[in-house]
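Take a look at this single chain in structure tokens; it is the form predicted on its own.
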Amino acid sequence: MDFSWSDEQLTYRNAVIEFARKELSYDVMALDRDDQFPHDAWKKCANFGIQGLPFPEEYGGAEADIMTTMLTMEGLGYGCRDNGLIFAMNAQMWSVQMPILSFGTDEQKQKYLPGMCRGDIIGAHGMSEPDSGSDAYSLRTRAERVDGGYVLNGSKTFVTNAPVADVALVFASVNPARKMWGITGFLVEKGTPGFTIGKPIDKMGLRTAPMAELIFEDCFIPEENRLGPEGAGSNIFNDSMEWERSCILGSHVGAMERQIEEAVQYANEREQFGQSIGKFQSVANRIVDMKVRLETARLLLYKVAWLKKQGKPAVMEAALAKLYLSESFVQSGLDAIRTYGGYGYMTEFEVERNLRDAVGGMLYSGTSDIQRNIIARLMGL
């Protein structure tokens, strides 16, 4: 496995960091406090090419390979302090854009992908329901076949981007007796009769990535808005989850690197008992542990990207990366707060927000428990 980077890739990563520092240096604390989605920042990222990075040029993308894309998201996480914005972009890119690219008709690709790459269309992904989270395929949302299309009834919850979305990829069962093989994907546009978006859901972290419920009451969806054939929903979902688990935490590696650099700087500047606190072994060892997590997480992440670039399956590796990265970011967030002491607990130092944002990583795209189940099953247990 070759994880070396070309000069061109490293130059682009540096350009992404410079862009993020210059254009995404807004008051994240204020937006986090008020649960505000940064529309301007979303559009700036699209103009820079983030949302279109791995997608074909014919749809406004750059056709970057997955290794370059991964390095870009890492650089974005390093240069941008708004974890919520990056999470919202990842949620669209891997859970909406990629399924449309992989399973959509030519008409669907032309209708949605250019606008998403430009930042003009925002997408959401609806799978989880009030009674089906980790047990995703036990969903209750139904799609009844009628003349010319389908009628949807049901609801989705914990839907990232829902309050600002123009279109949602929604999964429903057309044949409950077939269980997972009856699940089908549909592209539902904002303003469709019978489709409503619930009130924004207040949450612990990632507060700049808005979340809400999707509600369907006798909602007619024309047949041309079905994504893939009937019963292909589980394949679409599994494909998007492998991409998502592979890529959605890439920015966390960058954030962890910045977190360490700032912790080292603080430990060298802060003095207690006549010396910098970094001279105390307990503090230094804690930051060393953060460094070990960063480098091992980075290698796991790069391995997943390398496998996918080679066209090889990466189910086990994606689950390992998702599990380790998410839990490492949480632990390093705790270590950063302990390094800063009381100041780390204060909002104004912007240390505690990383921890709040990190906790979600152990839940979304499959909980840590689910990742352990996947890994155990693939080990033959």
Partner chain sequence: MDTQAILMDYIKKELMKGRNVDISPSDDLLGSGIIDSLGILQLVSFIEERFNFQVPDEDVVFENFFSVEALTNYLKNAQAAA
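Model, not experiment: these values are computed from the prediction. Positions refer to the first chain, counted from 1.
Just so it is clear, the following notes concern the form predicted together with its partner chain, a form of the same protein that is not shown.
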*With the partner left out of view, is E230 within 4.5 angstroms of its partner chain in the predicted complex by any non-hydrogen atom?*
yes
*How about G274: is it within 4.5 Å of its partner chain in the predicted complex, going by heavy atoms?*
no
*Is there a non-hydrogen atom of G311 within 4.5 angstroms of a non-hydrogen atom of its partner chain in the predicted complex?*
yes
*Interface membership of Q108, its partner chain in the predicted complex, 4.5 Å heavy atom rule*: no
*Of these, L31, A64, V315, L334, which has a heavy atom no more than 4.5 Å from its partner chain in the predicted complex?*
V315
*Which residue, A267, M180, L300, I215, has a heavy atom that falls within 4.5 Å of its partner chain in the predicted complex?*
M180
*Tell me, please, which stretch of 258-266, 96-104, 71-79, 188-196 lies within 4.5 angstroms of its partner chain in the predicted complex when heavy atoms are compared?*
96-104
*Taking its partner chain as it sits in the predicted complex, which residues of 29-56 have a non-hydrogen atom within 4.5 Å of it? Please list them.*
none
